[in-house]
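One chain follows as structure tokens, the form predicted alone.
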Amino acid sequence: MKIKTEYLGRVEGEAGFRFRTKDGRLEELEINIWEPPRFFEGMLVGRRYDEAPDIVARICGICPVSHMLTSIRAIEKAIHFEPGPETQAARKIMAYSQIASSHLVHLVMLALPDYEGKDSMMELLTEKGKDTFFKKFIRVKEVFNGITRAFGGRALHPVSMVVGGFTSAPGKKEIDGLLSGLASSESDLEDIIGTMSGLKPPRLETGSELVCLSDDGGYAINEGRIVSSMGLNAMEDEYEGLFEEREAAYSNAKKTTLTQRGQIMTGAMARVGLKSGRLGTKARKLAFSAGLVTETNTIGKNKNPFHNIMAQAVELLHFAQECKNLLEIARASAGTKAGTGPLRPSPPPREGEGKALTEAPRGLLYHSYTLDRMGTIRKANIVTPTAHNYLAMEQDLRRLIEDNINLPAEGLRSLAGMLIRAYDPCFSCSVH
């Protein structure tokens, strides 16, 4: 039996999959990321260091903040610039609001229809009560978009976050509005999280090593050490010696693995599993009740990749609270009018090399730049979360098909798409 899906729906970007079974055995399987490459790394060469964040933001329309943040951190390391605490706090707000917004879209628009037996959210809207649920999603989404917009200048491809800091900052009145929005959307958010955390995913156990960033200062997102479920603990500057990229003849994206260790899984499930003790109280309780972690805040026995959806729900709850906490702190030092907060210094260019890792919504994101003495980029390297997860997706899909080999073709096709969507891949990012 041959099964081929040319275009996989409800994912970011363009990809398909195919597999072949014979006599109850899986003989061949591929996830083909066929979206054309866009050569952002080559595009950056010859550009000024302070142009890079705006350029790399265009890699993705869902996680432009992550690409900007990672690019900025790598460049600031190359020119030996250390941002102040207010800048770092504002960048956290940007990262948290973007991850929350991304998780919302994935959970409601992309993943939920799988569990309702529908092909799209539009089909769900015809059912009684689902239109109300969708309106809740829209209201919460706008709240997080508003936070990103207030600090970044706009919600999509922000303009205020630059090398050295921010070109503008929200005033007290604007921050009051953001806090009011978070408060008014709390019940909507709880309903969405309750729905998503109550889903019953198919059974599967991944053999992947879970990898994320961690530090002693909280739930690491914008920086930290590389840690894993198998004891890895390394600095971000060691990244290129630890990870390797490999080409796949049938795909435009590379597969990134730990050298001599194999497939990895990054993203919400890895983060929640490895650092649940640093989640907020409500989020930590949800992670435990969903079976993602044990009472001692260690990874639960079940390493089901479908649980990435529940881990995103946990993070959604956590980042909503973190945004509230950081906004309250920002309000105390904000000016009375927008734009009167702390603005950026102007760090001068210099020769150097900078490497940075952050946690994008879907997992580890790596940027590296080499600058000459005029601040011109001479070399750039970018490795995205979907590249990190690519091999794990294929191997987990192989295991899923083998475990359900006797299902009819359409049942196998449906399960395959469901698993790939659970990873929340961004195929556009992977072919940057």
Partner chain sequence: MSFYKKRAFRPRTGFFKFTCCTGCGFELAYFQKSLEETLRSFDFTFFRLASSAGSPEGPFDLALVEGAVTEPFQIIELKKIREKSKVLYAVGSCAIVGGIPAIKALSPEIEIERAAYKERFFGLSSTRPNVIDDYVKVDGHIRGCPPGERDLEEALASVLLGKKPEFIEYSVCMECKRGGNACVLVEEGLPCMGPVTNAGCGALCPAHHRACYSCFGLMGQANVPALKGKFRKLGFSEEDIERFFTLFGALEPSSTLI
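A quick note: this is a predicted structure, and the numbers were derived from the prediction, not measured. Positions refer to the first chain, counted from 1.
The form predicted together with the partner chain exists for this protein as well; it is not shown, and the discussion that follows is about that form.
Okay, which stretch from 403-411, 364-372, 389-397, 43-51 lines the partner chain in the predicted complex, with non-hydrogen atoms inside 4.5 Å? One stretch meets the cut-off, namely 43-51.
According to a 4.5 angstroms non-hydrogen atom cut-off, is F134 in contact with the partner chain in the predicted complex? Although the partner chain is absent here, F134 would touch it in the predicted complex, with heavy atoms inside 4.5 Å.
Close approach of E209 to the partner chain in the predicted complex, 4.5 Å, heavy atom: Taking the distances in the predicted complex, the answer for E209 is no, it never comes within 4.5 Å of the partner chain.
May I ask you to state whether I329 is within 4.5 Å of the partner chain in the predicted complex, using heavy atom distances? Result no; I329 lies far from the partner chain in the predicted complex.
Would E247 count as touching the partner chain in the predicted complex under a 4.5 Å heavy atom rule? Looking in the predicted complex, residue contacts with the partner chain include E247, since a heavy atom lies within 4.5 Å.
Taking the partner chain in the predicted complex as the reference, which of M109, L182, L204, L232 has a non-hydrogen atom within 4.5 Å? Residue within 4.5 Å of the partner: M109.
Heavy atom within 4.5 Å of the partner chain in the predicted complex - residue from V227, M121, A290, I79: The option sitting close enough to the partner is M121.
Checking a candidate spot here: are R10, A155 and V431 all in contact with the partner chain in the predicted complex (at least one heavy atom each within 4.5 Å)? Affirmative, all three are within 4.5 Å.
From first to last in sequence, which residues of 28-67 have any non-hydrogen atom within 4.5 angstroms of the partner chain in the predicted complex? Residues within 4.5 Å: W34, E35, P36, P37, R38, F39, F40, E41, G42, M43, G46, R47, R48, E51, D54, I55, R58, I59, C60, G61, I62.
In the predicted complex, the Cα separation between D131 and S184 changes by 3 Å or more relative to the shown form; did it shrink or grow? Compared with the form shown here, the C-alpha atoms of D131 and S184 sit closer together in the predicted complex, by 3 Å or more.
Over in the other structure, so in the predicted complex, do V11 and G129 pull closer or drift farther apart at the C-alpha level? The difference is 3 angstroms or more. They are farther apart; the C-alpha distance rises by 3 Å or more in the predicted complex.
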